[in-house]
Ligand SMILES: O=c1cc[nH]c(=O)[nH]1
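One chain comes next, on its own, written as structure tokens: the form predicted on its own.
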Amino acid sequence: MTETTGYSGGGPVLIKNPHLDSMEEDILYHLDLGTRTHNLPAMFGDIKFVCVGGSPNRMKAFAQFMHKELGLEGSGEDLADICAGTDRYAMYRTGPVLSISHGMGIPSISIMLHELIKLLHHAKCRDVTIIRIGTSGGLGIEAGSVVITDTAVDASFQPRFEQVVLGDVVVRSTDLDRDLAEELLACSKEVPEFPTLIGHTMCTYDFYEGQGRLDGALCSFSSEKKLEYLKRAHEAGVRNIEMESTAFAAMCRLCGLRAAVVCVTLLDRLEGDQIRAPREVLREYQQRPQRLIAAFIRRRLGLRPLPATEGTTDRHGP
């Protein structure tokens, strides 16, 4: 069974579940929020941008960075974790921007997205843009490059997300908003210190065998087979590899959210498996998608680009 409808590119956040209408209360358990315990429209109704990423610390740093980029009062150092009652995810609000962690892998981001999308629906949010920012392994591009995903593909290089529902395999489209990707690419001119490109992103269910690594606890293939597979991925248009994009793209599309995936590459997988860059280099790499998204949000809000002396003391990141 294939599901391809639902994406509207704007307007209200859609809920593809008729059972929710009959519920007296909706408990967003993993976010420590609920429709009876919290006034969700008052808390989140004016949110326009949602940025999600794997690490709680990284998403807090991004929220603090956006606080400076938007010129809000105060230092932003004391931003409160809205999901402090749970240790599953962290959530921070900065003006019209919501910053949320999603953990690692499809199961973790899927749980978060179910509850986040319901939150946006209950809050009556409209015209929301959601962006996953994170890290990845590159294919045939230099480490530190930022990849804006046009299509998320599975480990067979197909633009699909397969979900087993009641024993049936449901196939969902993983196309992302092409206009949004082009808009993000145009914004990269404001941060020209690193290469930015559009390409396919391959999403796998595993960091080791699923991505063709030779250094896991298990490995059933040769180095030659691994390299042949990665070269085929590159020929299919794949420019980076991570573990969340297909589920993210499919769910956002069905629920009417304009969505993008923007990830920095920490290495070129055609040259090796292990990340060997120094910690300080990796920290700067991880800030690159944040800088691009900040430029995008500022442009959308009609704010002028900040000169090097404003917003933050280090224009290389938060």
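The model shown is predicted, which means the values in this text are computed figures rather than measured ones. Just count from 1 along the sequence shown to find any residue number.
One more form of this protein, predicted in complex with the named molecule, exists but is not displayed; see below.
With the named molecule left out of view, choose which of H114, R126, R213, R88 has a non-hydrogen atom within 4.5 angstroms of it in the model of the complex.
None of the others qualify; the residue that does is R213.
Could you tell me which one of K60, R258, R269, R291 places a heavy atom within 4.5 Å of the named molecule in the model of the complex?
Among K60, R258, R269, R291, a heavy atom within 4.5 Å of the named molecule in the model of the complex occurs only for R269.
May I ask you to state whether F207 is within 4.5 Å of the named molecule in the model of the complex, using heavy atom distances?
Yes.
Is L184 part of the interface with the named molecule in the model of the complex - any heavy atom within 4.5 Å?
Contact with the named molecule, no.
Any of the heavy atoms of I275 lying within 4.5 Å of the named molecule in the model of the complex?
Yes, I275 is a contact residue.
Could you tell me if M243 has a non-hydrogen atom within 4.5 Å of the named molecule in the model of the complex?
It does: once the named molecule is placed as it appears in the model of the complex, M243 has a heavy atom within 4.5 Å of it.
Using a 4.5 Å heavy atom cut-off, which of 230 to 238, 131 to 139, 189 to 197, 156 to 164 contacts the named molecule in the model of the complex?
Only one stretch qualifies here: 131 to 139.
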